[in-house]
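Before any questions on how it binds or moves, here is one chain, the form predicted on its own, in structure tokens.
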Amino acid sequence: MMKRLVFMSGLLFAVMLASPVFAADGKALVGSNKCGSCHQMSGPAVTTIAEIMKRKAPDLFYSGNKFNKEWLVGYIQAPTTIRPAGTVYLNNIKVEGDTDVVANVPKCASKLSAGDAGAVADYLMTLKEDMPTGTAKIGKFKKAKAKSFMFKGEACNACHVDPRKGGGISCPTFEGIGTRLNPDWLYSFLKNPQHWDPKVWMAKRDFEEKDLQLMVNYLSSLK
């Protein structure tokens, strides 16, 4: 019995020692793969339109607030299209006659192995800003009411594509958003988008608490 306790204590100690190294490996991989050449890896967020127009990819310095780790691990191995018209819509359109056509949208080149993706995701989850937790109250909600509020009342699909409703392409897709984003971050962003990105296209609205929870529940249900 004593030998087993000693072995388990030694194993626990080894794991504790290894954890910071694993996180450091993820940071090193972010550097060696030049993620910072497209993503802003440290805050604060830019505050001018001129800086926004130079943005190549979303900021990651609050990725630990924003994303679900399991989604990050999968995405880093095989990136998918989240922003149909690119990070900055105006940089990726050309005019053909009277129509704006999306062209030459750059794609994320990340194709890491499962092990490296896990290490990078672990590191990205350490990048956090101050944010209250437990704000999103996920539970039963009326889907029809949520759709009516978001698409008829707020016209969210003028900019975002919804897998069931269609929509615009100038902002991130709603498809899979419940798998991708942390509900508490969704709540915070919907309440005040400019807290996270001072020049984000989305306007700040004074939503009532019940409507915030309704939207967060609907978006979180889109897996």
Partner chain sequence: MKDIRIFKVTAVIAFVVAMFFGNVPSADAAEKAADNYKLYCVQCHGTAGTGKWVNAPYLAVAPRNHVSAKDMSALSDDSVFKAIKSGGPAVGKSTQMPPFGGILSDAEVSGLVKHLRAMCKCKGK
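No experiment lies behind these values; they were computed from the predicted model shown. Positions refer to the first chain, counted from 1.
Below, we turn to the form predicted in complex with its partner chain, even though it does not appear here.
J.: Choose from 180 to 188, 47 to 55, 65 to 73, 29 to 37 the stretch whose residues reach within 4.5 Å of its partner chain in the model of the complex, heavy atoms counted.
T.: Of the stretches listed, the one contacting the partner is 47 to 55.
J.: Looking at G153, G115, P79, P106, which has any heavy atom no more than 4.5 Å from its partner chain in the model of the complex?
T.: By the 4.5 Å heavy-atom cutoff, the listed residue in contact is G153.
J.: Is there a heavy atom of D98 no more than 4.5 Å from a heavy atom of its partner chain in the model of the complex?
T.: Yes, D98 sits close enough to its partner chain in the model of the complex that at least one of its heavy atoms falls within 4.5 Å.
J.: Going by a heavy atom distance of 4.5 Å, is Y123 a contact of its partner chain in the model of the complex?
T.: Result no; Y123 lies far from its partner chain in the model of the complex.
J.: May I ask you to check whether T173 falls inside a 4.5 Å heavy atom distance of its partner chain in the model of the complex?
T.: No, T173 stays farther than 4.5 Å from its partner chain in the model of the complex.
J.: Wondering, does P198 line up within 4.5 Å of its partner chain in the model of the complex on heavy atoms?
T.: Residue-level check for P198: yes, a contact with its partner chain.
J.: Counting heavy atoms only and using a 4.5 Å cut-off, do K165, Q194 and R205 all touch its partner chain in the model of the complex?
T.: Yes.
J.: Would you give me the residues of 59 to 90 that have any heavy atom within 4.5 Å of its partner chain in the model of the complex, in order from first to last?
T.: Y89, L90, in sequence order.
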